[in-house]
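Okay, so here's just one chain, in structure tokens, the form predicted alone.
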Amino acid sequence: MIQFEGVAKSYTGLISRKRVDALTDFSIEMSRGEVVGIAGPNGAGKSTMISLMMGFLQPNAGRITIDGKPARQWIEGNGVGYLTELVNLPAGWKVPATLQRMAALSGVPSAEIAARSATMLTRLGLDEHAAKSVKQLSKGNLQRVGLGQALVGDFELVVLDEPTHGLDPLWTQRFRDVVTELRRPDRLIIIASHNLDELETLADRVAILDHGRLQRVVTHQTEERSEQLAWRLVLEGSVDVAAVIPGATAVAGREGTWRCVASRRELSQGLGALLAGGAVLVECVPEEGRLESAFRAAVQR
């Protein structure tokens, strides 16, 4: 569906007049039916990538196409469900009217606007805020209104930039359900986020950017069993884990708790030896997820 081919984008500093390379030789293909995550530290190029894809900016080199057409041409003809990083809506608009107006702008047929907006109001838990204006909403509730305006249309392409920013834990969890409901074979969902746990849970693939370059694409299908991950082990009694798992260190002040960095195979072999020797395992959990580990390695590199 979407193809970036050798895309580059640079800016000239207003004061320094130096060239800043925001995106360099960026290539990736994203298909319908996928949820694709975009991750990277501040200044990595995520916002530039989205702006290029939306047609707000033009690349200095390379090309971006959607179904073979120039990105902006396709979006103007087909529309897109787009949540910006910072939700900015007219302060005086009431919440229901905001969703209705956004539904109209999204091309929802006039006869369906009221019903579609009401459904979205309920779906995002905004019924109790229906009497409020945009300026009266908390950050989290405003974010839900922004999410509602992005989803009130029925688009094949949905782009969500930091969608859980400002949401409380309950609605962060609910957002996962919303994305699950949005999935369908003819739709591509792109989520740019600093929340690696969310991306690891929701995305089929996550593209990691740093210094304007695509550093790595992490997928569930290509899980590397040899990857070194950080683990926390808790065992009963006094057990010398370091004698079995090289590099393991005891956590100060927490009896029986150890930290180690090992691959799944190394960890399994070490735990097997400990258990065979009579150790009792209380807990074994990763201190960081696979995506977090890949992110750290890609950015440090």
Partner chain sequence: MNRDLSKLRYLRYHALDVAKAPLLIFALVAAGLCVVLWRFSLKENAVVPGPDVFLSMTLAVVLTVACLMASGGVAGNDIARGYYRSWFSKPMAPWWFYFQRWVLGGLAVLCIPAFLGIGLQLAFGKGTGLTSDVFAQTALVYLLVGGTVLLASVFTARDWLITFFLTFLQAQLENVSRVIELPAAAEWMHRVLPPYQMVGVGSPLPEGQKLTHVILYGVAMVVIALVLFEKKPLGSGGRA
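Note that this is a predicted model, so its numbers are computed, not measured. Residue numbers count along the first chain shown, from 1.
Keep in mind that the form predicted in complex with its partner chain is missing from the display, and what follows is about it.
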Consider the chain as shown here, without its partner, and state which of 172, 136, 228, 78 has a heavy atom within 4.5 Å of its partner chain in the predicted complex. 78
Its partner chain: the contacting residue among 273, 250, 54, 261 in the predicted complex [heavy atom, 4.5 Å]: 54
Would residue 102 count as a contact of its partner chain in the predicted complex, using a 4.5 angstroms cut-off between non-hydrogen atoms? yes
Taking its partner chain as it sits in the predicted complex, is residue 212 in contact with it (heavy atom to heavy atom, 4.5 Å or less)? no
Interface membership of residue 91, its partner chain in the predicted complex, 4.5 Å heavy atom rule: yes
Taking the shortest heavy atom distance, is residue 65 within 4.5 Å of its partner chain in the predicted complex? no
Please pick out the stretch from 124-132, 93-101, 202-210, 163-171 that is in contact with its partner chain in the predicted complex, where contact means heavy atoms within 4.5 Å. 93-101
Each of 2, 24 and 34 near its partner chain in the predicted complex, meaning some heavy atom within 4.5 Å? no
In the predicted complex: members of 133-151 within 4.5 Å of its partner chain, any heavy atom: 149
